[in-house]
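Shown here is one chain on its own, the form predicted on its own, set out as structure tokens.
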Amino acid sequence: MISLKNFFLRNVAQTSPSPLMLEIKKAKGIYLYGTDGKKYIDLIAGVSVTNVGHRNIRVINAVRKQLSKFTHTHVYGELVLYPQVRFAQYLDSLLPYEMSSVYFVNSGAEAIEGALKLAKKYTGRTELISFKNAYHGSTHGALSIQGSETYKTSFRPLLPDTRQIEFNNFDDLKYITEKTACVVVEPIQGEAGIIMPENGFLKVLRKRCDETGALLVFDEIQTGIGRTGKMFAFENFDVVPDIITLAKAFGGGMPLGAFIAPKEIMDSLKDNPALGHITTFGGHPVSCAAGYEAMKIVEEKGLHIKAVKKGELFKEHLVHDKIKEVRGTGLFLAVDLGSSNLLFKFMDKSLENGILTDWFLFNDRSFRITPPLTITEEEIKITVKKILKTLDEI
């Protein structure tokens, strides 16, 4: 078989100077298979995308069934399409009663862009507040509220009237005022290295938004669809946002995102102007069919509930003198090695040992454990042995 690597480097736009360069032939369950037959335990899951496992037969059949009927028909929102309506109705049944209106898009960044526009339109305000070390996407609006100057400086000027405050810093909540359109927060910070909210921080944040009239936006693009032990991470903290953004696992492996809000808020996008927010492929029927089936699998099999025990199993057995801490909840975990030098040695050796993992954009001391939620307890034990062996070897 001719290697595609040279064509990959020449013809596929690159995002870094050092891609992994693994040529994948197939995938199944928690495993990726290279063209040389070597298999890798996938601890990334496409960054929390393949929650129901690679090549899940129910998702495949749902895609095939929809393909046999129709694919794209018309610009989003003009025609009544069963896959969209069914999925939106299902989401309504899972979310708090206020969160009833779903705007489907194609990706997480698009969901964030839509949420920002919605907040500004509904409140008539312009200030956008987010948190340091938060990642919300790479498009201009999403980048504007990202919490790292490293990724922003080369692309300025970005959106004006933005401010980043410290996660878990109660004093910083004073910056949320009557000028603030919305506060965008990950209920658990992902690319910061899985940082949990502390001491009721999200509840106090909710209260401050209520006091000032600012909308609270939860970015659940990584944490949603069962990864943290609940279907949505906000359920862990007894806090309901005004707007929630979803993507990644939301599409069951297909490109799909959404921002969801009470109908009263969402309806502000309908006029003045009409078509103030539009998308061609958002809520693609095939993606909606896949996403609906994937979410049903999570719910019916209790994968979100089982994720808690599986996460604890990882924590229980990941004991090594090179491990400083294992943070997180469910199957949304970070293993802290204390130094970037040690981490990158681990990354290189882990690939040799058949483990595919990754570090975090804003934390180069920790690697992620976010496998498909379908991982079994036996597979967890095999994975842990490989991780500990790798740590011994570096």
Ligand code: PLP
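Remember, it's a predicted structure, so these values are computed and weren't measured experimentally. Note that residue numbering follows the sequence shown and begins at 1.
What comes next is about the form predicted together with ligand PLP, which does not appear here.
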Looking at 101-109, 208-216, 145-153, 119-127, which one sits within 4.5 Å of ligand PLP in the predicted bound form if you count heavy atoms only?
101-109
Does Ser287 reach ligand PLP in the predicted bound form if we count a contact as any heavy atom within 4.5 Å?
no
For Gln222, is any heavy atom within 4.5 Å of ligand PLP in the predicted bound form, or not?
yes
In the predicted bound form, Tyr76 touching ligand PLP (heavy atom, 4.5 Å)
no
Closest heavy atom of Tyr135 to ligand PLP in the predicted bound form, within 4.5 Å or not?
yes
Would you give me the residues of 167-190 that have any heavy atom within 4.5 Å of ligand PLP in the predicted bound form, in order from first to last?
Glu186
